[in-house]
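Take a look at this one chain, the form predicted on its own, written out in structure tokens.
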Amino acid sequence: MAEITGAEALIESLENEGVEVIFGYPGGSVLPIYDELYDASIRHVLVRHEQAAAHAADGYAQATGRTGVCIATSGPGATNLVTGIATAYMDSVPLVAITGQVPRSLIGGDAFQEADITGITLPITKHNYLVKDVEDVPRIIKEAFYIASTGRPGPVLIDIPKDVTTDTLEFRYPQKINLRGYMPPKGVDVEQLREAAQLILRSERPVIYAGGGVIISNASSELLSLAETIMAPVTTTLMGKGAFPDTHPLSIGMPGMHGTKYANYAIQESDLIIAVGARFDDRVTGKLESFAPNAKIIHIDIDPAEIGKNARVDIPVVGDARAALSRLTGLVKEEQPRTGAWLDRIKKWKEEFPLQYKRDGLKPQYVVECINELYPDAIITTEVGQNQMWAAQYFNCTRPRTFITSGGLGTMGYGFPAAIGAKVGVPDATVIDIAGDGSFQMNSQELATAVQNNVPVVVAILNNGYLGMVRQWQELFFERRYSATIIEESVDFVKLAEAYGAIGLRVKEPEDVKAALKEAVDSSRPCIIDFIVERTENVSPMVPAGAAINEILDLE
């Protein structure tokens, strides 16, 4: 068998894993890898900043369900990936990040563009590798993709010294994996499910609390089946949007700080919380001691470390959400639901406390409603801040993998490169990034990436001339002292788009919103729409930090 280089072995290994696209940026320590990519079957998307490579791989992974791949050179190239890796880690996104490293003989000597990236990323990766022997390249790639995509998914980093990529080996790709210390749960404890079923059958005021784990495990159909069987209302987290149709009568929207009043009231008045693939984060629970005070809690999650980490749990169920929900539905399907009065009460809350806003001028909520009306099947990505919350409140998702956002880390600059990744992964979909003028500027250089690679995404900028969410907190809690949050007239987004070869549009009146959206989507080119919205509009409702989730402020 002829010998090949480590770089060739890396590319062949990636091809064996079915990798279709890599998002990356070249540099000295990865030149041998890029030389092999030149003739490879794998598509390479050249970004303009390594952070965008990680976010694009993240968006690709969330939209497709496959593992995203990004690559960067050593030193600053690798450290520029860190924010994107941390973002993927917090949101359980399967990602393989490949970084170059200085030659093995120079490691530890502060060589040019050297950084201990495995040490730096240890707390924010599911696992990471420093490849010390070229013979290990195929095995490590096989293991990395397995670790990233199984159990609770997450990012895996592979750091490859430059001389490893030029060493040679006889290439054999492993067919099996032997990781003694890594055993993701494969089954579900039936006894625990039986106990859970008994609680459900005794419950009169249940609430299903569904998170991103439902989408990750492809359990949306099973969630719908359980909800309709027991006739329980369903609240979905920010990462869980799309796991259950927002338009379904049993949907009560998003819970927590900027959730619907009726979702928060339902949780607080419930006698049973059925949590599936959710982690009881602080933005959902508010003051933990006051969360669902009268409810028993069933927690289904594939990661045992999450169960009991934040909230008290009465019945823990460790395992895959899809398998657990399917079995649980089978255990309760013969019984008659007891939730009629409960659903009537929630219906009254929905009528009394709808999401609403004053319709004067061009409101950001109206822009999102128009996107929802015209393109209900679009893949929506978001930046972070007010734009993210308005998108979550006013865009109704009916399918999984159509709402892509940075939930756990709250990474500004995420949405645009994630939109590029999503569009590359699902090219026939309409992909729209709902953005803020502050957040978009953190990675606006990726307009060049979208144009060069012919990735026709639409960016809808809700431009209020502020760092809006921070300004909102300053208004409410810091006596309107707007310290470093005013960014009005900082950039002409139309000219910026045109400078990169994209389309730029500007909208100032409500009656022009739909026409601009149609023009942008129909253009088949990357497009920025600069919506000049009401400057001081707040995200409402809002639960103040540290308050119980039924202590809600109306900010209309």
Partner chain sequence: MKRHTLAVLVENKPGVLARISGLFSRRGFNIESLAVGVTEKVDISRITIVVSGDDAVLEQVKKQLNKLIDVIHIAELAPNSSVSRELALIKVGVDATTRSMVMQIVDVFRARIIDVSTDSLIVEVTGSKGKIASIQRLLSQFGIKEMVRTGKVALHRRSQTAADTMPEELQRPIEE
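Keep in mind the model is a prediction, meaning the values are calculated, not measured. Numbering follows the first chain given and starts at 1.
Unshown form predicted in complex with the partner chain; subsequent notes refer to it.
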Per contact check vs the partner chain in the model of the complex (non-hydrogen atom within 4.5 angstroms), the hit among 128-136, 389-397, 352-360, 460-468 is 128-136
Residue 293, heavy atom within 4.5 angstroms of the partner chain in the model of the complex: no
In the model of the complex, does residue 178 come within 4.5 Å of the partner chain, counting heavy atoms only? yes
Check residue 187 for me: does it contact the partner chain in the model of the complex (non-hydrogen atoms, 4.5 angstroms)? no
Given that the partner chain is not shown alongside this chain, does residue 366 nevertheless sit within 4.5 Å of it in the model of the complex, heavy atom to heavy atom? no
So, a 4.5 angstroms cut-off on heavy atom distances: do all three of 408, 473 and 548 pass it with respect to the partner chain in the model of the complex? no
Exactly one of 226, 96, 384, 307 has a non-hydrogen atom within 4.5 Å of the partner chain in the model of the complex; which residue is it? 307
Consider the chain as shown here, without its partner, and state which of 265, 182, 375, 171 has a heavy atom within 4.5 Å of the partner chain in the model of the complex. 182
Using a 4.5 Å cut-off on heavy atoms, what residues in 140-161 are near the partner chain in the model of the complex? 142, 146, 147, 152
